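Next up: just one chain, as structure tokens, the form predicted alone.
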């Protein structure tokens, strides 16, 4: 019986299989790289807002504590977005006629809230509780970055699951006294390698790493 395929078919088949496996592997690598890119995570990307609120001005120049606006951060799972009345507590007097602040005045006048776009927006299948992190000594800066240096707010970290798990596995480097929770640019008075374990004991820090902790 004559040979159906030429000998070169063996080489062609091997090259085809190798090429197919390389293509599949390349697509997997591409998907992983894309999932970690800022295009997906939104890391360090400015978000358009109805009013370009400057944390740098309010925190650094005016010395306003995070909790003045984010009133529920110590007692609730969410930090809270301040109502327009909170803005008007100051701006009824300060820059009261500035055209830049007309959206704020209109919101207060018409009793219609400003629709801010969430910057640190976790997926719906992720549960995060602000209050427990505050109580355990995790500062605002640890997750949100140096907002006192951000004219426009952006997401400092990737917020990927591995980023959270790394901290849950080793929280000591990220702990600070509760009195310093909102301090930007915090530097411990003693070495963090000593302070961290002390605070873990004092605040009974033992973060769970099971899936049900965040995926409920």
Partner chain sequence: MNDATMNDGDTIEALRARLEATRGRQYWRSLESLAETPEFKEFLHREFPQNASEWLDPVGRRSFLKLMGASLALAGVSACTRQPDEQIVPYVRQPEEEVPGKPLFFATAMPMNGAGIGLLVESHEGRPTKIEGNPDHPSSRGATDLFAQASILGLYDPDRSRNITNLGDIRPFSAFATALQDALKVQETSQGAGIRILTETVASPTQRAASSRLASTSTRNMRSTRPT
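Note that the coordinates shown come from a computational prediction; the quantities given were computed from them, not determined experimentally. Residue numbers count along the first chain shown, from 1.
The same protein also exists as the form predicted in complex with its partner chain; that form is not shown, yet it is the one meant from here on.
> My question is simply whether residue 78 lines the interface with its partner chain in the predicted complex - judged by any non-hydrogen atom within 4.5 Å.
Answer yes; at least one heavy atom of residue 78 falls within 4.5 Å of its partner chain in the predicted complex.
> Taking heavy atoms only, is residue 116 within 4.5 angstroms of its partner chain in the predicted complex?
Taking the distances in the predicted complex, the answer for residue 116 is yes, it comes within 4.5 Å of its partner chain.
> Please determine whether residue 82 contacts its partner chain in the predicted complex, using a 4.5 Å cut-off between heavy atoms.
Flag for residue 82 set to yes.
> Find out whether any non-hydrogen atom of residue 107 is located within 4.5 angstroms of its partner chain in the predicted complex, and reply yes or no.
Because a heavy atom of residue 107 falls inside 4.5 Å of its partner chain in the predicted complex, the answer is yes.
> By the heavy atom within 4.5 Å rule, which residue out of 57, 168, 67, 42 makes contact with its partner chain in the predicted complex?
If I apply the 4.5 Å criterion carefully, the residue I get is 42.
> Within 4.5 angstroms, counting heavy atoms, which one of the listed stretches 183-191, 170-178, 143-151, 27-35 is next to its partner chain in the predicted complex?
Result for this chain: 27-35.
> Counting only heavy atoms, which residues in 116-130 are within 4.5 Å of its partner chain in the predicted complex?
Those in contact are 116, 117, 118, 121, 122, 123, 124.
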